[in-house]
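Taking the form predicted alone, here's one chain by itself in structure tokens.
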């Protein structure tokens, strides 16, 4: 971008809130008409039926009722039920659908998180079958969860995912499974019949589920280990849906504590099984299934919280501007009448921080989903190749991948230094190996997915409290515009979905030290250095320097001991590795926020609708990114300083700490301009035109 154009952009402000033309570019689905239609369907449902249900007080009851039941029919009629399915199963989107599902969750959560959960829960029930099921299991269950076609006489099936156990196990490590399976009968030459006992806690969709995918462990020496298994409501035995959970959030989703005691054929074991020496051996234990499922389903939950923050912007602007209207001191046309609380710097700056956090979380979440869409076919090709090579079992795979890791690192090094259009035979050779591609993408996914879930919901809940406070006393009333209080409380539950924060930090503490991830992280750092040179006001320099400080801190604690002689870096030393994981998440969110702004700047001119307003949007989103970068750099500096200095004795210093001090000073200097960016973003909020009324009922 030339200097004249940049100078012009710096003088402009966005005149309206960003619309679909902006978002489709930033989140990379401008060329996907099928996804755009899914977004429109979800938005119409959210701001129509779902908003009316909330406004009519349907969140005030724990029980599932006929009014809430309308959601299921609406999901079917708008096509949201079939987004998860492939065309041969009755769906309409080809290929991986992670981005599509995330965008739908985002739109539904813009109004109500419980409704989004209700939509996603059936997909969660199907996910174990989709990811690890046999071809027969996939075809049978996926096709039955599609709405019947005209003239087709059948009812649609809906599922529930039963992992969580009753107290005292609820919320603990997923390795603790109290559900049990044993052999009820095994006819000679016939299929074993299993007896399954499973008590669930906080199980979504249980009011209407026709089948349950449940995690169980062996209670029989003739069955090895654990598995996930499919239970149907008509199986012999007890299918008790249980008592409604007395939750105070997400009331537009059905949640109960079921009791299941059923006899099912062994063919219901997800992924199938083999028999060796008279012992049933599931092809996948429950942990392997859950790992594959949660890698994909955690991200939409993180986006649900980010949607709340972005959705809060318009109601808060409306409240701030109308705060003093009607009084004698502010006639129409006066600053007091037109701006209200937005005359005050604090009100608009705090709102800018809320918006910046929502943008960062959205950018991180949608980037993770795009990565998963790229990763899915590579993972399936990996499984095919390993089967061809006879590589079976976790240990054999680990041995093979350990050998390939050095080649994967070589690939990353060559790719980073390869000039555009230059042919490199070795690079082409490595790039053509699907197993190397798998290792590179998996290293990213294993960090981005738990990182998104941890940061978006944890920091998102904190910032939703800030959003509510900006509404004054109105924020904690039932009729608060935008349902902000409900969104704040909903965010508390989303932070525990699919593993509470400690689970995400635990995974990050392991995956963030993967050398393949760290190699890519270092490349991202250098890329941001380049961005800082061409876009000095976007916050890239601060993020890059904070990334360097994070790497330095990781290196320091991996080789250091505390004042008592104990190693600092240990998987069970959560007071060290968990804060470092938190700092990493701040940086990842900022990186993808900056990349989204650059995408808008680059691709925006191709859209004639954006021709006039593009400059204002790019300037504003750049200022939001710089604002968030300042916060992220500050959080990173604080956390890293506590880790580097906090475990030593007062007055003692080691040479490595001197290097840290030098980097810390550089980081402080890199914050230049971040507060000016917040000033500009806050000023822009006073100039944005919003509709007279919110587009869904209050």
Partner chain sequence: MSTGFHIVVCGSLVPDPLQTLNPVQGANGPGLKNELMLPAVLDPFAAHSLYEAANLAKKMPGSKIWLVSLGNKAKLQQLMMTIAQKVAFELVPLDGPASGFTDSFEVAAALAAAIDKLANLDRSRLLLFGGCASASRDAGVTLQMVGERLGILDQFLAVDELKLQEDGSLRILERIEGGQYQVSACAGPPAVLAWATGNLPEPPNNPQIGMQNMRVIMPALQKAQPAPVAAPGVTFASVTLPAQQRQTRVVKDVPVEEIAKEIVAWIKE
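Numbering follows the first chain given and starts at 1. Here the structure is a predicted model, which means the values were calculated and not measured.
What comes next is about the form predicted together with the partner chain, which is not displayed.
Asks: Looking at 287, 499, 613, 96 here, can you tell me which has any non-hydrogen atom within 4.5 angstroms of the partner chain in the model of the complex?
Replies: For this set of options, the contacting one is 613.
Asks: Exactly one residue in 565, 278, 608, 332 has a non-hydrogen atom within 4.5 Å of the partner chain in the model of the complex; which is it?
Replies: It is 608 that has a heavy atom within 4.5 Å of the partner.
Asks: Does the partner chain, in the model of the complex, lie within 4.5 angstroms of each residue among 40, 79 and 617, using heavy atoms as the measure?
Replies: Looking in the model of the complex, the three residues 40, 79 and 617 all sit within 4.5 Å of the partner chain (heavy atoms).
Asks: In the model of the complex, which of 85-93, 124-132, 527-535, 184-192 comes within 4.5 Å of the partner chain (heavy atoms)?
Replies: Going by heavy atoms within 4.5 Å, the stretch is 85-93.
Asks: Would residue 690 show up as a contact with the partner chain in the model of the complex if we use heavy atoms at 4.5 Å?
Replies: Yes, contact at 4.5 Å.
Asks: Given that the partner is absent here, does residue 674 sit within 4.5 Å of the partner chain in the model of the complex, heavy atoms only?
Replies: Close contact is absent here: in the model of the complex, residue 674 is far from the partner chain, nothing within 4.5 Å, heavy atoms only.
Asks: Taking heavy atoms and a 4.5 Å cut-off, does residue 36 contact the partner chain in the model of the complex?
Replies: So residue 36 counts as contacting the partner chain.
Asks: If you check in the model of the complex, is residue 15 within 4.5 Å of the partner chain, heavy atoms only?
Replies: Close contact exists here: in the model of the complex, residue 15 approaches the partner chain to within 4.5 Å, heavy atoms only.
Asks: Even though the chain is shown alone, can you say which residues of 13-29 have a heavy atom within 4.5 Å of the partner chain in the model of the complex?
Replies: Sequence-ordered list: 15, 16, 20, 21, 24.
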